[in-house]
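Have a look below at one chain only, the form predicted on its own, in structure tokens format.
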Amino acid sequence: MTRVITVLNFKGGTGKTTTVVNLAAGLALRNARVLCIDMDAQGNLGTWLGVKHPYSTSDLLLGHVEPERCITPARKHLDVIIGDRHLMRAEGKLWRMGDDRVARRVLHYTMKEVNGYDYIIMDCAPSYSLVTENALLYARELIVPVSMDYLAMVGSRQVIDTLKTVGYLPDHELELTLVVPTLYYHRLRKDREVMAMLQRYFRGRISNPIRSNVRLAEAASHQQTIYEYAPHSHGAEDYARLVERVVKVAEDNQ
């Protein structure tokens, strides 16, 4: 059964795309079949992985082509549907559909015929929109990266409030799988305090922290995953541990 995961925080700069890229790549290295969908008009996912394609998420949402034609390979076992600026136009057309229920579930209906993946992971923009709501109503799991600052925690709480709202829908189940502390530096008192707050608030759903590591930022500029760019770095080690934790979630639920 395909695990469909949305990665979201309503504050920017929390490591959402970093987490999507390196979680997906780590799963693919374990021979899992992974599809990433970029739900952000900035299109950072395709840029990071060095992928270009004539069709994007906007074409998918607007029904311009079949889903399979939007998918392009990025790495072995790792495929991508890229995002681009046309997502803003797609957002406007979704609002004008006149049927709120259908507009919020276009992605769900469109992706029904897409098979063959162990994981589908979505990278969302740091804002609430119909495009983001499509991701939430398609996903079954939610991962929330939280950087070590107060505003990121506010953004994560807003995500949880949204999760609760979605959870009230009778025909949809969305579960908070993990909160992922990012940009963590253990010598900073502030970071330790934020970590302690996260552990109290999200007891049992906190992953290992992703330590602040310049190699993660450098990997993006080289269009490589952390395992390709710096396989022996703290960043590679931390994301490998996150991959293990995500895999273990499924094993524990069996």
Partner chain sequence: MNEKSDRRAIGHDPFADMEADGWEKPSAEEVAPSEEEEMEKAAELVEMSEAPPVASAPSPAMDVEATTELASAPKTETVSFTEVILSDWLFSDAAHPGASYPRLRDFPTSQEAAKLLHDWLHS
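From a predicted model like this one, the values you see are computed outputs, not experimental measurements. Numbering follows the first chain given and starts at 1.
What follows is about the form predicted together with the partner chain, which we do not show.
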Practice task
Look at the candidate spot formed by M153, R203 and N208 and say whether the partner chain comes within 4.5 Å of a heavy atom in all three of them in the model of the complex.
Solution key: yes
Completion exercise
Of R89, H172, R157, R105, the only residue with a heavy atom within 4.5 Å of the partner chain in the model of the complex is R157
Practice task
Could you spot which one of L29, L62, A220, M195 gets a heavy atom to within 4.5 Å of the partner chain in the model of the complex?
Solution key: M195
Exercise for the section: Look up in the model of the complex whether Q199 has a non-hydrogen atom within 4.5 angstroms of the partner chain, and give yes or no. Expected result: yes
Exercise for the section: Although the partner chain is absent from this view, report whether L176 comes within 4.5 Å of it in the model of the complex, heavy atoms only. Expected result: yes
Problem - Contact of D161 with the partner chain in the model of the complex (heavy atom, 4.5 Å) - result: yes
Handout entry: H186: touches the partner chain in the model of the complex, heavy atom cutoff 4.5 angstroms
Key = yes
Exercise for the section: Could you tell me which stretch in 125-133, 145-153, 105-113, 79-87 has residues with non-hydrogen atoms within 4.5 Å of the partner chain in the model of the complex? Expected result: 145-153
